[in-house]
Each structure stands twice: as C-alpha cells, then as structure tokens.
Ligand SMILES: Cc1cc2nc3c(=O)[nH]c(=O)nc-3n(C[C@H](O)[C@H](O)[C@H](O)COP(=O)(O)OP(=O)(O)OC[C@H]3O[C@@H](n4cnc5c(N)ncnc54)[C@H](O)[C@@H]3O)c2cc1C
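In structure tokens, one chain follows: the form predicted on its own.
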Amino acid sequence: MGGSNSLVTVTILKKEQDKSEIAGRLQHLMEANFPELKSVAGWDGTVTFRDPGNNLELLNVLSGTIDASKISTDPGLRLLKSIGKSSLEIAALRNGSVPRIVDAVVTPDYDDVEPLLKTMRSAGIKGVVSGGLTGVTGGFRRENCRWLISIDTSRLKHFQAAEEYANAGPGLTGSELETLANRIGMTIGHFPESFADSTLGGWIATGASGQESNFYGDIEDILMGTTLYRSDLTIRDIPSPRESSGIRAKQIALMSEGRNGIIGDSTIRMHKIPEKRTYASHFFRDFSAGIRFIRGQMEFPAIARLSDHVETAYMLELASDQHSRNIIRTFLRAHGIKYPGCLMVTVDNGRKTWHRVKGAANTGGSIARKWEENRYGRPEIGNWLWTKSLTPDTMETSCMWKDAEKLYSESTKTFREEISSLGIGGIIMAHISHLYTLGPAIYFTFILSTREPETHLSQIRDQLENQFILNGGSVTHHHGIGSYFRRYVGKEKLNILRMLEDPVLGDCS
C-alpha cells in the first residue's frame, strides 16, 4: 500500500435546498418531543478518517484492462462508494467507525464491462456494483477482502425508445430516465422516494416499488428483459411480452442486489403520460377504519397513501399553518373525527377513484396536491434530523389484509415498549404505501433520541422485524435484504441465492 495516511474529511449527508419555514416547524416539533435537543450538540454531516492509501499492485492489474482515467483512488469517493444510506451505516460513521473502504472506484464504459469482470475473476479481485447509492440495507458491506473495488455504472446511460417500450442503461437515474421518456410523451411510471438519485440498475437489483405501483406495477412488471454481465458469461434476453424458454437474465438480475452480475441495458415498458390527474384527501377516525375501507375495494387509484394518526399529525404540522389546521380541526369535529384523524391521500390518472369514501371526511384535493409537490422530500427531512443528533430510520413490510391491523398495532406497541425499557426517547409512525388485492405494504418511520444510536438501532430494528414475521409480514417489501436482513431469510433460500452469485461480486469470506 502507498499513500500519505493523512486525514480526510468527507460530507456524507447530501446538502439539500434550504427550506427555512419547514425547518422552523420541524425544529419546533422535535423540541416538543425531545426537549434535550436544546442542549445537545449538532452534527455537520461530515466524517474524518485516515487516508487508507493506494494499493499499487491492484492498480497495476486494473490498468492492464481499463484506461487509467476510469479508475479513481480518491479516498473521499472511495468512502462514499463503500456505504449506502442506511441509518446503521450513518450512525456508525457519526460515531467515527469507518467500514472497509474499497481500494478503487472503476467507472467502465459498455466495452469495458466484460473484460473487467474476466480480469477480476483471474486476479481474485472482488467488487460491489454501485448506482445511486440510495440503498438502506448495508448491501455495500464486504469484509475480509484482499482486493475490493466499486464498479460505478454511471457511464452506462444508453436510451432508445421503440413504441411503448425502451432500451435503457442501468446508470440512468429515475429523473434522467423519466425526462427522456417525457420528451416523447411517455412515462416509465416508476416513482420511488429516491427517484432523483436511484438508478434503473438499482431498481432492478433491489426489486423496487414506486409510489404509483398500484397503476404501473412494481419493477418486475415494468422490466421486460435485461442483459446480465457475469465473470463467466453474459446472458441477454430477447425483448418479448412473455417467454417460457427457461430461466431468463431478468429473473437472475431481479432482487440480486448486484451479486449475480452487472445489470446492463434493459427493456422497460413505457406508458403515455396521463392527460389528467385527479386528487382527493380523506380523513378516517383511525387507522383500522382506513384499512377496512381499502380492503373492501376492487379497484385502486394510482396512489393511495393512508397515514396513521402520528404521521398525519406531523404531515399537517409541517405542511400548514395554525389557521389552516384549526379549519381542519373544526371540519373533522363536525364529522365526528377527533383531530388529527388518519389522512388518506389519493392521486389517480384521469379517473375519480375513491372520491366518495364512506365513513371518511372528504377535504378535497388540495392536501393530496401538496403531498405530491413534496413527495420526494423525506430524505431531506432525514438529513436534517441527523444534523440535530437524532436518529431516524425506516422499515417496511407487506402482509395479507387479514394480518394488517394486528401487524401495525403489535409493531408500534413493541417499539414503545422497547424505547421505554431502554430509557430513550422515540416516535414511531406508519403509512400504507402500496396496495395489492391480497394485502398492503406498510411503511414504518421512527426517530430515536439516544447517545448509543448503533446499539439501540440494532435492538429496535430486530424487535420490529421479528414482529413483522410473527404477524405474517414479509422480511421486506421493496428495500432488499442487503447484509442487515439476511439473517431473517431462510437457509434454503440463502443457499439458492449463493448458487446464483457471481464469485467476484459475492462476499469475500
């Protein structure tokens, strides 16, 4: 190894646009729940660590395959390419614990991918594939590696449209992909919360679900076929509506989390941009009433998001002033609903689905429109919370309708009991985010005030995950398993996953 071993400082929290009004309201809310914030030192979102130096032997091997201009040893970039956005990773970095950092970042062009993988196989180089780095499951973690590189897909951005589908590169971000589709009057229809930064390759690798999945489907419904580059061979799907000729690259790539190969250009469905959007907002007396209403429906809007009373209260506090909240309070009282109730926002493409909802107070479309304007803003709020020395996190699951109410109540109850036993402050809230005829996906958000974020996060996450499983929930609905959830997956399934792994992209041990 060569290098100065000097100190390096890196900003790991994305700097967001200043929204002082929302920040002021958020400050007020957090201080009301966590009075200790007034005396706790904040954090600027930076990490300082020692430059690990350069592995000259590795660089010499790589330079024989790929141009030196596509290889970076910048220590700050190497750290950023070694972590995702999970709260466990951020908490560790905030406490000064730096993970195994990749030895180099390689950014190949299309022609470089196959020879790079062959060189890695012959030389014993391990790799992790990186796109938008928005993963929250510890999927970039690799231990005990002799040589470890990050394979950055940001140069792989081909796009070619054909009728109602397109061939697109894995390095395209959601915003880039949607802009290209919009230019020809089309939409991809995939809008995850990480839309601005997450990539097509990342969506496929994690099995992602967008906010309008009720209408357009999940990523497996959007994806028609792909190319998968492995160190032993390359598999290419022929674009077709359906095929029954054995295993396809699409099936090996989906939910592989970058372990089964490097995802290349993919064929994805597109749809015409809706001519009209319709909006509605309804308040139920409680979360169970909302769940029962949704369960009884045969048709779903493109977006239907039902928040529990805690999340509803926070949404109203952040999005409206006191006068507006008083109007809502009076309106709900007239309908026999105790403020804040449970808010359901719906957005549909040209239809008026669920504009008349029995047992709920209809407040029109303005709240839903406001939600849509700010629907990618949760990461920004999360970054703000980190700088105030709070610890935010999210976990999600899916279940059958018969289990939804109990799963929600048992999970939130367990959280409250756990923070009480630990003697720390905390808030938990939830919303239903995606709908299926057989059941919903439920998304939990929680905030901790603790001086031991790593320890307490691990304990609480474990308790919540166990509640999901005990109450009929899946390990995860759309985040993937990464390294944090693998222990909750059955050994038989893990064995199959290992069989599909490309040896250069799997674990090092």
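Please read these numbers as outputs of a predicted model, since none were measured by experiment. Quick note: we count residues from 1 along the sequence shown, nothing fancier.
From this point on, the text means the form predicted together with the named molecule, which you will not see here.
Not displayed here, the named molecule is kept clear of T363 by more than 4.5 Å at the level of heavy atoms in the predicted bound form. With a 4.5 Å cutoff on heavy atoms, V129 counts as touching the named molecule in the predicted bound form. The closest heavy atom approach of I262 to the named molecule in the predicted bound form falls within 4.5 Å.
A residue is said to contact a partner when one of its heavy atoms sits within 4.5 Å of a partner heavy atom; E317 fails this definition for the named molecule in the predicted bound form, lying far away. Only one of S213, S82, T312, S194 lies close to the named molecule in the predicted bound form, with a heavy atom inside 4.5 Å, and it is S194. With the partner removed from view, the residue among G139, P301, P340, G189 that has a non-hydrogen atom within 4.5 Å of the named molecule in the predicted bound form turns out to be G139. Note on the interface: of 267-275, 113-121, 354-362, 195-203, the segment with non-hydrogen atoms within 4.5 angstroms of the named molecule in the predicted bound form is 195-203. Taking a 4.5 Å heavy atom cutoff to the named molecule in the predicted bound form, the contacting residues in 145-171 are T153, P170.
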